[in-house]
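One chain comes next, on its own, written out as structure tokens in the form predicted alone.
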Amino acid sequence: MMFLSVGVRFEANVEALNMVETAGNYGKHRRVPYLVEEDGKLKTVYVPALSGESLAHAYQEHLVMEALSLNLPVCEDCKRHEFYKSMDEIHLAPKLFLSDTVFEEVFQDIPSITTGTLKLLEEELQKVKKGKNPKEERIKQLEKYIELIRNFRESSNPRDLFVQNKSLAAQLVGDFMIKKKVLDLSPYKIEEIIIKNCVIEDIGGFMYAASPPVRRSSAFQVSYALPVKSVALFATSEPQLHARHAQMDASSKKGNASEQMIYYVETGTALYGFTFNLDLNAIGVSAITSESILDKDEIKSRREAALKALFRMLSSAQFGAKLSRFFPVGGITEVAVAVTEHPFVVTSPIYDDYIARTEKRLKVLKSLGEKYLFTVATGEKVPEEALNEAMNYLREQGAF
């Protein structure tokens, strides 16, 4: 069993990493209420922050790239960095015919499946035609479904037919085969299909909100990035005025407001800290039965992709919004990495003594007989060295 926990501190001057709303020409930075101590008393101040959702989105973007570089499966939605995942029948449907293995398991009895689907389609078509105001668009759609399912029944390579008509097939399979229970998919089967077809949904979790509902928790966790406590009162968010100008021709009136657009971007400046956890044991394993869904080699490859994605995200500082014009001035100042046999989370880096407290807590684990690795990047050691040390340790332990 292996659990990775990372505490990260980074300095960001003049950043716009997490904008939350635009009011007119004013883009507002995310701010949160935050407890600080002053003169021995606690008080609440509002500070700039980055949401865990924002950091998680960035991590999953890196995970897509690392997974594809290792020839691991990623679904079409996640490839586009649209992480709404298998939220309903329509988004689940393509995963049923994207691989031979899953297709053969689900579509074992094609004659029975197509007969049942055709019956539903024809009933729906007659119902629409007999309605008070039959909709031509819906009639044409149902006729296309009927043609596709008939071709599917007669095809020598039915999986290829669905792949070639991916969009139409996803609607047909989602709306009539899954939703109408022509395909009898148990919660375990749904989870298995999704995990086999997408590394991002395996590691990042999903919520299938159709019937039966299936929920898979994310194998990674990430906190908000918040200002370090001791200097939180120095964290600021300040609007910066910018203007875009258009070239005016000779006939334009001087001072014409339409030739100029001014806008404000609220920028933050702070020393931030956040925590990232990764449960390597959850990857490729069913959340329903706790049994492995994938073979050992596939699980190891996915763990490698998960670790490389974290390395890349921190090393490149490619997280947050508006990087093209507001790339933060600063960088990662400290990293603390703990690898343990069971879940353990480093003390939050918003506290100045987080490294010492984490070490003290780990020594208690050692006294209980648990092995661990703890490495920090402060001073001369750079973050990449600490992360690489943790990855080498995990490799030696056989995690990937």
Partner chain sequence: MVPLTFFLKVTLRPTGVIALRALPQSKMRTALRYVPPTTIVGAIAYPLLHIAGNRAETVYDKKKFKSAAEEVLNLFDWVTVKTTGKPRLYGALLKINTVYRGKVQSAVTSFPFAVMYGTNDATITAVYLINEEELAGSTYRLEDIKRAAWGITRLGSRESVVSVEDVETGRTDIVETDVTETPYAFLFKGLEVSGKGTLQSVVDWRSGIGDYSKAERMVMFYPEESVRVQGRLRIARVGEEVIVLAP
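The shown structure was predicted, so the numbers you read here are calculated from the model rather than taken from an experiment. Basically, rigid core = biggest C-alpha set you can superpose within 1.5 Å across the two forms. Numbering follows the first chain given and starts at 1.
The form predicted together with its partner chain exists for this protein as well; it is not shown, and the discussion that follows is about that form.
- Comparing 107-115, 93-101, 209-217, 301-309 against its partner chain in the predicted complex, the single stretch with non-hydrogen atoms within 4.5 angstroms of it is 209-217.
- Exactly one listed residue, out of 164, 324, 316, 290, brings a non-hydrogen atom to within 4.5 Å of its partner chain in the predicted complex: 290.
- Scanning 169, 222, 203, 177 against its partner chain in the predicted complex with a 4.5 Å heavy atom cut-off leaves one residue, 222.
- In the predicted complex, residue 82 approaches its partner chain with a heavy atom inside 4.5 Å.
- Contact between residue 226 and its partner chain in the predicted complex is found at the 4.5 Å heavy atom cutoff.
- Shown alone here, residue 393 lies farther than 4.5 Å from its partner chain in the predicted complex, counting heavy atoms only.
- Its partner chain in the predicted complex comes within 4.5 Å of no heavy atom belonging to residue 69.
- Contact with its partner chain in the predicted complex, defined as a heavy atom within 4.5 Å, is made by all three of 285, 343 and 368.
- No residues of 375-395 lie near its partner chain in the predicted complex, the criterion being any heavy atom within 4.5 Å.
- Core-superposed comparison between this form and the one not shown: the C-alpha position of residue 35 differs by no less than 2 Å.
- With the core held fixed between this form and the one not shown, residue 44 has its Cα displaced by at least 2 Å.
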